[in-house]
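The chain below stands alone and is given as structure tokens, in the form predicted on its own.
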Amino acid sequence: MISFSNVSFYYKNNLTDKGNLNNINLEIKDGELIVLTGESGCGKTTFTRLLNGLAPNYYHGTVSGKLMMDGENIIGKSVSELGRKVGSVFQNPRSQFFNVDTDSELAFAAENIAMDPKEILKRLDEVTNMLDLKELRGRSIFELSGGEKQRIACGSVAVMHPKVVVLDEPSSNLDSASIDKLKNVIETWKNLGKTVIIAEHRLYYLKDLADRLIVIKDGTIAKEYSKETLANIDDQLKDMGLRPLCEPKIKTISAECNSRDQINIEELDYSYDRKTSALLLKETVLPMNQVTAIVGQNGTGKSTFLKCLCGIYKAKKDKILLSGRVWDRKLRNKACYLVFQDVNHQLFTESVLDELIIGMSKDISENEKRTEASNILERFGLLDVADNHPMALSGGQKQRVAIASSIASGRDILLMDEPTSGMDELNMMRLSKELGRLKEMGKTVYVVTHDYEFINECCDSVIRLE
């Protein structure tokens, strides 16, 4: 189905080799399910962009070699031509939505190619049954959780009946239940004979589905594992800084807060429509001076909780105490720093280094700011991209820049929403070590996460929202 022959791609104006591909040779059979993995910035996403035409049509650069799909060379083909053959599900499904309701989104691509309305309706019903989307039909896109958005993105792809399906980090923001549903969708495609290519850090849920696992390093294919060899390679993957294939479980945690300081939430009532409560907490205690994980299924209000806690959202009723004293929104906003789930909303400057400096205290000299920012970037493995534009980085690198910026701010309470989405094992361990350092400094960290490996590495306690 797909053949790479000496294919290379170099991004225009890229100051480093991060994300480029160098001399890729690979053949993918019709109906195969291929998993691509590797450290952040290794070129996985670029691989998928060549298949759907986003590179070089949207992400400009120089491409060479021959890339055959279904018997024809697709280099030079437009995105619209390839869209009839290749379905794409992005890491952040919001970036591929064009409508405000789910039914219109599912039908959008088919309408774009002037498909007969009766055929569109037929395919919508077919996809609804095939991917179990009934409860998501007729809904507002803005009301959906991350996992629900991912399923709608998969449905909008399936309506087109593509021969090839490409997914980029599809599980990065999903809870275990949503990952199981995503796995069912992928398994359905595999059973239908689709050729499926998945770029992914989180590997365990694909272990039984993958025909091959391909490790990319510095833009080249470093390792290739067949289905038969996947059972015993966890140690090799760990040595390469990659996630294991075994399914992680949360270890039993029993930790007491060492400080008398704590946050007492006597009441926190928030609703999006000012009527129905989306989040309702009473008599809740949050430990301080440690790292606390906040877990729960997609859509239970975890992100809303962080935004209410730091004062971005204004709750209907809000009584929060810090060490016995009322802690109002204005004070919370000054004390807290929130790293969003979608960090694209909080990257503002022209360079990675400036991104850290912009939030630092005004009492520090410019030289001290640059030195401290460089030290933090080095700890996160980002010093080599210090002069790059933040929006030119990979998803995992952007995530690390936003987290590094939160640390550079010097705030006492850091809130992080899915900080390890798009992170390989190596960078997840870097973040774990950094949070341990913050805890030793007396800082407080609250982390919304579905990443059990991360919880096991650095979290002192777990709060579950249902």
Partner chain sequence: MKKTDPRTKLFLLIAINVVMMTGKITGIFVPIRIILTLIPLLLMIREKWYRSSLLYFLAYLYVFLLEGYTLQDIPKVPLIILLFTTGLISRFLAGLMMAYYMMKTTTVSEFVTAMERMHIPKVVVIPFAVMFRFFPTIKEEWQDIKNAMKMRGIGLAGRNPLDVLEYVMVPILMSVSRIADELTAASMTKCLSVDGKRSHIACIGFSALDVLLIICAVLGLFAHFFVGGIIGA
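Numbering follows the first chain given and starts at 1. Note that the structure is predicted; figures quoted are calculated from it, not measured. By rigid core we mean the largest C-alpha set that fits within 1.5 Å across both forms.
The following text describes the form predicted in complex with its partner chain, which does not appear among the structures shown.
Using 4.5 Å between non-hydrogen atoms, is K217 touching its partner chain in the model of the complex? No.
Hey, in the model of the complex, does S171 get a heavy atom within 4.5 angstroms of its partner chain? Flag for S171 set to no.
Exercise: W189 in contact with its partner chain in the model of the complex, heavy atom 4.5 Å: Residue-level check for W189: no, no contact with its partner chain.
Whether G324 contacts its partner chain in the model of the complex should be assessed with a 4.5 Å heavy atom distance threshold; does it? G324 lies outside the contact set for its partner chain.
Can you say which of 370-378, 94-102, 171-179, 217-225 gets within 4.5 Å of its partner chain in the model of the complex, counting heavy atoms only? This holds for exactly one stretch, 94-102.
Which of these residues, R329, K183, R212, R123, gets a heavy atom within 4.5 Å of its partner chain in the model of the complex? By the 4.5 Å heavy-atom cutoff, the listed residue in contact is R329.
Which one, P244, G311, G296, P162, lies within 4.5 Å of its partner chain in the model of the complex by heavy atoms? Spelling it out, the residue with a heavy atom inside the cut-off is G311.
Partner contacts for 136-150, taking its partner chain in the model of the complex and a 4.5 Å heavy atom cut-off: Sequence-ordered list has one entry, F142.
Using the core for the fit, does the CA position of G311 change by 2 Å or more between the shown form and the other one? Comparing forms between the shown form and the other one, the G311 CA shifts at least 2 Å.
E111: Cα shift of 2 Å or greater between the shown form and the other one (core-aligned): No, shifts by less than 2 Å.
How about P162 - superposed on the rigid core, does its CA move between the shown form and the other one by 2 Å or more? Moves: no, less than 2 Å.
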